[in-house]
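In structure tokens, one chain follows: the form predicted alone.
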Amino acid sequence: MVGSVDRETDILIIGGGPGGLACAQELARAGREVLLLERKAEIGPKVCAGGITWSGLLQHVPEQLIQQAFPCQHIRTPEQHAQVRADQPIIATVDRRELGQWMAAEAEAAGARLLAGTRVRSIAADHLLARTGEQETCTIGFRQLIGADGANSLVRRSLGLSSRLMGVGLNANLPLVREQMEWHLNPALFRHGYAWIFPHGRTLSIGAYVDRAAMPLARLKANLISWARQQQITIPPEQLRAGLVNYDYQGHHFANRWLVGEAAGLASGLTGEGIYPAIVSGRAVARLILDKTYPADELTRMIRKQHRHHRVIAWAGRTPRLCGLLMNLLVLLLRIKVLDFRMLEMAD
């Protein structure tokens, strides 16, 4: 341990997103000493479409967090339209700030300490340097360090891990009301990505997602704004927010350091889904810390599902023509009920 330590904890978590909060709650509930650092002044807000699935998180959050729920999904290409229906909601929308605040309250109730507005400056073997607000840089010692700090994770970088496989999403929340949840697959505009329209109560999330290597951000932005006009929606350019999606998984355990969620590269490269993988990996890492013999089968299944998504991306990315054929085949199989919509989710 470094000579002068201002604060010390058994387990230190960097990042107050769903993965870090789920991990903190699990560990604190088991009686472990947990300190979580979040660089933003408030826990919760993030660039995100805010969709959660029935098979994943929807059944496990309080009803008051659900803004709208959709038992029907509309998936469109320029050539066809599929409607996927189920008895229960397939996807619901939540506000990321509200979800984060609820998860933070659950983690604190379990005994975790959360410290927002804290920026980590550097990481060493058993301590790190951080600055809280305008205060002097302080030293925090730890025995276990968990990186839950997103696509550009400092913990990941401190381990020397690359992040080559990245997606990028653009999102705007507008004061509009729509009835349908829509997915638009248009290879000419979004390659093997997609655009979305997700109703949120009295607002609307509209955006697009694509593999970062497939298209420059400026072109994605122009295509999204142009496409939105065709949907009779005007997106003020200044309201668009960009966010990276890391799906370059290279492991989650490195001596006394762990990675969860996008810090581990555990999002879906195909859809950009990240909330559910973050929570699953956060809880799995907590259980592994508590019990080294824990099998973490849920993590293994999710990594297997991610690899299947990788294969779809690899095929779709070969040529624009092949991408268009695959997109239309996907929608056709959904329309005639040969393919289950859950195959596109990261949940089992």
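Position 1 is the first residue in the sequence shown; the rest follow in order. Please read these numbers as outputs of a predicted model, since none were measured by experiment.
The same protein has a further form, the form predicted in complex with a small molecule, not shown here; the description that follows concerns it.
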property: Which of 106-114, 74-82, 243-251, 223-231 lines the interface with the small molecule in the model of the complex (heavy atom within 4.5 Å); result: 243-251
property: Ile11, Gly141 and Trp258 all contacting the small molecule in the model of the complex, non-hydrogen atom within 4.5 Å; result: no
property: is_contact(Asn186, the small molecule) in the model of the complex, heavy atom dist at most 4.5 Å; result: no
property: Contact test in the model of the complex: Arg178 vs the small molecule, heavy atoms, 4.5 Å; result: no
property: Exercise: Ile66 in contact with the small molecule in the model of the complex, heavy atom 4.5 Å; result: no
property: Contact of Arg96 with the small molecule in the model of the complex (heavy atom, 4.5 Å); result: yes
property: The small molecule: the contacting residue among Gly169, Pro89, Pro199, Gly100 in the model of the complex [heavy atom, 4.5 Å]; result: Gly169
property: Heavy atom within 4.5 Å of the small molecule in the model of the complex - the one residue of Ala28, Ile289, Leu37, Cys323 that qualifies; result: Leu37
